[in-house]
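So this first bit is one chain, no partners, the form predicted alone, shown in structure tokens.
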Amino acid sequence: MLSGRAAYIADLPFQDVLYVAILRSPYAHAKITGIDVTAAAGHAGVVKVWTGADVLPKCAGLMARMDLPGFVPTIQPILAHDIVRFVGEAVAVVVANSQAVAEDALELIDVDYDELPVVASIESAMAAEALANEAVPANLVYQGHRCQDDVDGDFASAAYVASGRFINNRVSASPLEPRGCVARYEWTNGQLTVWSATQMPSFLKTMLAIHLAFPEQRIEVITPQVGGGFGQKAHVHPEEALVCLLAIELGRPVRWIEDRRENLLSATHAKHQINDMAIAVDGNGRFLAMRNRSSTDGGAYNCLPWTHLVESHVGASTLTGPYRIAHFNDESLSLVTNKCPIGAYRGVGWSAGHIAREILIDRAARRLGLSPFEIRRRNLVDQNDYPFTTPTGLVIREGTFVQTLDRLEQMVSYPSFRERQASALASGKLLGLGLCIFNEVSGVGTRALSFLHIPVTTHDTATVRVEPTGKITVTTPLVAAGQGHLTTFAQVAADAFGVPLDDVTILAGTTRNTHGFGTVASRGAVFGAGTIGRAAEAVKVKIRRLAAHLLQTGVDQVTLSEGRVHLIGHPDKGMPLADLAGAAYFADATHPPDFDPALEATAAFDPADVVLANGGHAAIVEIDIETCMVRVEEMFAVEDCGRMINPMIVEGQIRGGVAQAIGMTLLEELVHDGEGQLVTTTLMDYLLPTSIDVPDIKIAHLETPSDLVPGGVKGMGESAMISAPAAILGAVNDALALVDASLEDFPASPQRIFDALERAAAKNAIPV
């Protein structure tokens, strides 16, 4: 990657390749009354022009559903054939001999639209005076509850009730490499090969087979280098199905690479929630109950596979977090609007709920005269509480919540911070401190998805083979999108066999390998360790049996280390692994009776229960009263992801997640006007963080190995985007509290900061 030799989708060379350009709707909601493609089809260099009418007989669209009572499924057309439901929805496609010709031909397509009423907000969706998608009655995809405790008594008796309405901004995952795919159909053998920048190659393969009615055994999905995914590439997108249909139709490779404007318009959006939340607190700062009503602006369709439930519905599962909150009452609404569909993005539905919860905890602390550390310390689940069952049914069997809080307090140096805060105020600067303590449902498999009320069964597999020369080959379905997975997996295999890292080769990136759900939901390390560890152990059973036979000892006396198979405690009494492998492959006379010489095994893994990582973040921000600019001065992170395979990769994940959190909370916002038009369609309008926005990040580690995963590994990919946004916005509100101001509408832009200060000045006659 550093040398520039990594091959991404756009770098792959194909002979006789055709290029795709997609015409997208300029309207948020309109009926298509006519399309004239005559001029485009006759343009020199154009090979094919399709509209929705051409695609509909080949594929009805992408069906996304969830097996829950009351859930309303949707079908997203590959190309809109009668009605467009968001700005950027695909309407027609041009295939040409060059990208320039394809894009020029788009200008020649004439489409007639009759505009329809636009549902452009959560409020208008709930009012249901117009339908954003006529397949969804009352604009409601799903209404759910995780817990319906009677909390009225707790709130009535509380010494203080912290409450607010928190509006979380719609954002884009904005991977450095946008989406793209190439498909090639070979008619002589019926093979469809798809190169896609996807996080879920096996799932994409199966969904293409189902939706295109194409034999799955004749599909191969290849994933080259992926330049970031963050969840946006963990979907099946209509464009991927479209490119495959075109390749089958034309018998030539077909290539689609989106540009940044397309990515902002039509790749999945994320995080758009409103949380009406309240926490009841007694006079000692102990939490009595929590109430939350969360609404998701899910866009015009359910994404495949996650659906609208990826936000408010999933977020409700861990809203009480690692705190002892006895009673909880929640409701989550997933609503359709005339916007781009919402989908997975790092931290999924947890980010918004954690922001609301932690800001309210800080408000309660200020009201009761407690430090933000002390109020949390009085309420965190600790060692004496295990196993602790939350109101939503999550069983917490382990965790280092109090230790995390203590470490953060030391790192922040809380007393000296308050002194700095007071002196900064005197010079016209507002300093603030924010915290978040979290637990993360990680390594997401069948049981975790079931707990999240997403009833999906999943597992991954890996194959481990010891070659005749003693080298190790591992095939895995898990692909990397910048996380360093191949290094991590090689370490797992090297440790299992006691060989140097260079003796291990990891084969990934094609569905010719073993099957897996995908690189999503902090599951890479967990499922990599689980599958490789289990397959390696099956091979080691054979190795130990053969070695015991050769060494004339018991199997339980044999171990592997330093590239050798030897007696435990006696490295000199044994042989190199290569010699033993050679005997297994080529020396039948050395084998014990009924010995199977295949030093190869495939194993599946799916955690037997929910795997929980945990940690916390603290942020110190500075607000300039004159400019209303927010600067993150310091960030602190404590992470307990079980036993770390590679600490450098763990810290890289933390740093990258914190950078994304800064962008989400202070800079990024996909803005739509009242007609559903996306206003922020370039990176001049949609502001991403740069290196100057990200401070030094101080990191500390705790390790509580999980007994659910070989090696004690836990996932942690989503942790920073679960927790760091809450810490940053908590810090903003802590700073604003110095002048009796607060902020509940995000991101914390200079305009919103200015408005908050103006409101405080008007309320309290404080000069600003």
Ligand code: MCN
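Here the structure is a predicted model, which is why all the values come from computation and not from measurement. Heads up: residue numbers just count along the shown sequence, starting at 1.
A second form of this protein, the form predicted in complex with this ligand, is not displayed here; the remarks below concern that form.
Enquirer: Check whether I649 has any heavy atom within 4.5 Å of a heavy atom of this ligand in the model of the complex, and answer yes or no.
Expert: The answer is yes: I649 has a heavy atom within 4.5 Å of this ligand.
Enquirer: F230 versus this ligand, in the model of the complex: is there a non-hydrogen atom within 4.5 Å?
Expert: Because a heavy atom of F230 falls inside 4.5 Å of this ligand in the model of the complex, the answer is yes.
Enquirer: Even though this ligand is not shown here, does C641 get within 4.5 Å of it in the model of the complex, heavy atoms only?
Expert: Although this ligand is absent here, C641 would touch it in the model of the complex, with heavy atoms inside 4.5 Å.
Enquirer: Could you confirm whether G524 comes within 4.5 Å of this ligand in the model of the complex, counting heavy atoms only?
Expert: Although this ligand is absent here, G524 would touch it in the model of the complex, with heavy atoms inside 4.5 Å.
Enquirer: With this ligand left out of view, choose which of H354, K339, R346, H237 has a non-hydrogen atom within 4.5 angstroms of it in the model of the complex.
Expert: Spelling it out, the residue with a heavy atom inside the cut-off is R346.
Enquirer: Only one of V520, V611, I662, I359 comes within 4.5 Å of this ligand in the model of the complex by heavy atoms, so just point that one out.
Expert: Checking each option against this ligand in the model of the complex, the one that comes within 4.5 Å is V520.
Enquirer: Within 4.5 angstroms, counting heavy atoms, which one of the listed stretches 480-488, 671-679, 391-399, 285-293 is next to this ligand in the model of the complex?
Expert: Result for this chain: 480-488.
Enquirer: Along 705-728, which positions have a non-hydrogen atom within 4.5 Å of this ligand in the model of the complex?
Expert: Read in sequence order, the residues that approach this ligand (within 4.5 Å, in the model of the complex) are V713, K714, G715, M716, G717, E718.
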